[in-house]
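Only one chain is included here, represented as structure tokens and corresponding to the form predicted alone.
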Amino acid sequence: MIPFLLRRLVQSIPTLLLASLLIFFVIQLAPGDFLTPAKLNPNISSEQLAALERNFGLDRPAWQQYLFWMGNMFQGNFGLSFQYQQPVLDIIWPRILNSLYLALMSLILFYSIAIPLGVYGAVRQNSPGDNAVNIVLYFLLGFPSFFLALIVIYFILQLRNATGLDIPIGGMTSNNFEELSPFGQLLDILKHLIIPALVLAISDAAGLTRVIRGQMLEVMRSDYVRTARAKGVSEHTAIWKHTFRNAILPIVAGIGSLLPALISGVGFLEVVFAYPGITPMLLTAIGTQDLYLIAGFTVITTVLLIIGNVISDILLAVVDPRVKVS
């Protein structure tokens, strides 16, 4: 295990260098820079603009800006956000945690929905229940998560108006959050997380359920499953130990992409629910061309992708004894 991790660490260094180089110079290709709005302001003199360019390092060539940024990054400093005038890590980290809370709850609901439905669809193939699930899943596959969120918000508002129930549908905390006890604060956050997490889980589970169902049906026709049943193993063992364990191998292999997906936020769902996560911050940074904030976040995502791939390799070795990690 240790040689495997060391080998992956060495392999990740050129990957990170190339990724950072590409990220930085692709962002540089965008027209204008952070000071473009200031340059269009007649009330700001050219001397003030020159001073701002020096302060932000925008008067240097792009390659010098990159080397300066990389030198700081190796010291744990991802640069200074132009917009917030604070270190990038101080801006990104709270937003990453907020998105992580939402994504982790969504992930728990996601697998809790997708795995039972996928297994049920394979075991009860073409039954009325399987057909009903398939119809609902096909319907959900055609809806983007943010559009489904808008529909859910509409019905929740109708329910609140009709019953007076206090169902939170926006933000991460209530107005009286600071006055609550620690346990009350936890419950308040969970109340705000459950609706967007459930919407995201239902939207994403539609695709994975179909994948699990297809994989299960393929494995159930294998010779070793028929042999296990012929030897008299219970139906539960045949389904969960011999079929499901082998059917999830492609899913486990793809877990490496889940970690950066989690940390990248949950897309426009955060915008729809006014949730203080990564996506709203990143959209603002792109609009203002906050170079170091965008580049720093993208590099963190790349690091997490590498870590996620290592985790998926280890989990694959756990699930499938034929795979050796050494």
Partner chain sequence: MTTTLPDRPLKSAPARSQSQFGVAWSQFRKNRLAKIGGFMLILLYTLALFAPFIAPDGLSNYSTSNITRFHPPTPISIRDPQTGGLTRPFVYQYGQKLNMDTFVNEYKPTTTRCPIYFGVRGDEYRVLGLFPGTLHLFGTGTENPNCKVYLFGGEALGRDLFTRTIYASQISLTIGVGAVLISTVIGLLMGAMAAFFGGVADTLIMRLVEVLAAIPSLFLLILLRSVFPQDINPIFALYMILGLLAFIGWGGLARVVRGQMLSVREQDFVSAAQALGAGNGRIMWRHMLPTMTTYIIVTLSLSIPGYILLESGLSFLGIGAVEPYVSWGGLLSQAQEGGFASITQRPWVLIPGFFIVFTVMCYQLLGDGLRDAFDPRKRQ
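These numbers come from a predicted model, not from an experiment. Numbering follows the first chain given and starts at 1.
Separately, the form predicted in complex with its partner chain exists; it is not shown, and the next lines address it.
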Selected contact from Val119, Ile92, Ile153, Ile194, since only one has a non-hydrogen atom within 4.5 angstroms of its partner chain in the model of the complex: Ile153
Option from 213-221, 111-119, 68-76, 236-244 whose residues, in the model of the complex, bring a heavy atom within 4.5 Å of its partner chain: 213-221
Any non-hydrogen atom of Ile286 within 4.5 angstroms of its partner chain in the model of the complex: yes
Heavy atom of Asn131 within 4.5 Å of its partner chain in the model of the complex: yes
Contact of Gln125 with its partner chain in the model of the complex (heavy atom, 4.5 Å): yes
Heavy atom of Gly164 within 4.5 Å of its partner chain in the model of the complex: no
Members of 157-174 lying within 4.5 angstroms of its partner chain, judged by heavy atom, in the model of the complex: Leu157
